[in-house]
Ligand SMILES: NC(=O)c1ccc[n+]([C@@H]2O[C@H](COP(=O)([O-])OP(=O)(O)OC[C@H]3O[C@@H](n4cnc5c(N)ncnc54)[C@H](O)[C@@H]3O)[C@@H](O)[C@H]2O)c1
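Below you'll find only one chain, the form predicted alone, shown as structure tokens.
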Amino acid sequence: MRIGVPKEIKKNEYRVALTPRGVEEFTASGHDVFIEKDAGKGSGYSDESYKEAGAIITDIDEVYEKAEMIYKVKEILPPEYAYMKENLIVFTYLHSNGNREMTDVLLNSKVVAIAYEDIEDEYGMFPLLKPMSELAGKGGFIAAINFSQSIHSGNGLMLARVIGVKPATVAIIGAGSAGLGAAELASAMGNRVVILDIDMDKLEEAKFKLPLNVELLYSNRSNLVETLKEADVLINCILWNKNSKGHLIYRDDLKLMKPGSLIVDVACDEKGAIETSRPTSHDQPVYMEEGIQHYVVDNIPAAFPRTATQSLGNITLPYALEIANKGAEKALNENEYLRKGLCFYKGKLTIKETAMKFSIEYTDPKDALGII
């Protein structure tokens, strides 16, 4: 199969889907890899390193012209719409329920699109989200250190243990990969850390992974209100149901928080768990609402592209190789977990959440593939 790796064009996005080591894996299996010039530059990989691994370095037009599968990091953006064509396999993060225009383009072009974020494992978890979630959680705490500084309009607290000074309180909503990543760093720096979650199994797991300066609370309204009052930094790490009309933290709840405290919304769901959240970029990462600073950068791992690219490649490459080795139809037929990630199939929408949000006809992936 011919694999195409374009340079990411999302603002402040420096990751690339494939490392030179990954190219070697593809070429060893008999596949051709076409990589856009400078695609790996932001992650520290030169064109020469890709050539040495066996890739063909070319321009964006030839990448899409030659490719049978496009292997990338972020969603399809407007400048890429014209490259979408029937039967092209697209393997990337898609988040289609957040973009009606892209959804229509992928349907009308009749591509076969598989989203990293929807692939599951045998435990019902999302393995291709996990490494980026951990990086996003840790990067979110690092951002909190930065934007707590008064030179960045913060409250002037150092988020670390200092002799003779009461430690800051870092509250984290969600005990998943992102929440544990944030808590690992926040607790290691000596802060008082509070994690809230409704999943007692996740809290139990967190108990064995984190030190004793991390409090583990069941997330009910009473505990949330008390935590909001105490928090110097609030880090949200839970994805919010796109079809929900409500929020976890409402605008009025911000009045409970200390003036000048900071919200880091790792999940970045606009008007999601946090009513006042709206996505920002690394160029303009923060804004103020109700006297509370908000950091809602929607691609935190892109600030650490070398690490992020290696971590993402480790987990996505086996799936990409399976698709390349077997072809999309056979791979999707044989691997029920990969099939969970199928969002678009030759003009059919095969992801239920997006269909519900945009009132588009939904087709079960099995029916689309003709699996009996």
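Residues carry their position along the shown sequence, with the first being 1. Just so it is clear, the model here is predicted, and its values are computed rather than measured. Note that the rigid core is defined as the largest set of C-alphas that superpose within 1.5 Å between two forms.
One more form of this protein should be noted, the form predicted together with the ligand, which is absent from this view; the next part is about it.
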| property | result |
| --- | --- |
| The ligand contact at residue 110 in the model of the complex, heavy atom, 4.5 Å | no |
| 4.5 Å heavy atom contact, residue 155 and the ligand in the model of the complex | no |
| Distance check, residue 132 to the ligand in the model of the complex, heavy atom within 4.5 Å | yes |
| Residue 298: touches the ligand in the model of the complex, heavy atom cutoff 4.5 angstroms | yes |
| The ligand in the model of the complex: contacting segment from 227-235, 112-120, 155-163, 177-185, heavy atom within 4.5 Å | 177-185 |
| Whether 315, 320 and 340 all lie within 4.5 angstroms of the ligand in the model of the complex by heavy atom | no |
| Heavy atom within 4.5 Å of the ligand in the model of the complex - residue from 198, 82, 77, 288 | 198 |
| Among the candidates 268, 105, 189, 216, the residue which, in the model of the complex, approaches the ligand to within 4.5 Å (heavy atoms) | 268 |
| Residue 87: Cα shift of 2 Å or greater between the shown form and the other one (core-aligned) | no |
| Rigid core fit then residue 219 CA moved by 2 Å or more between the shown form and the other one | yes |
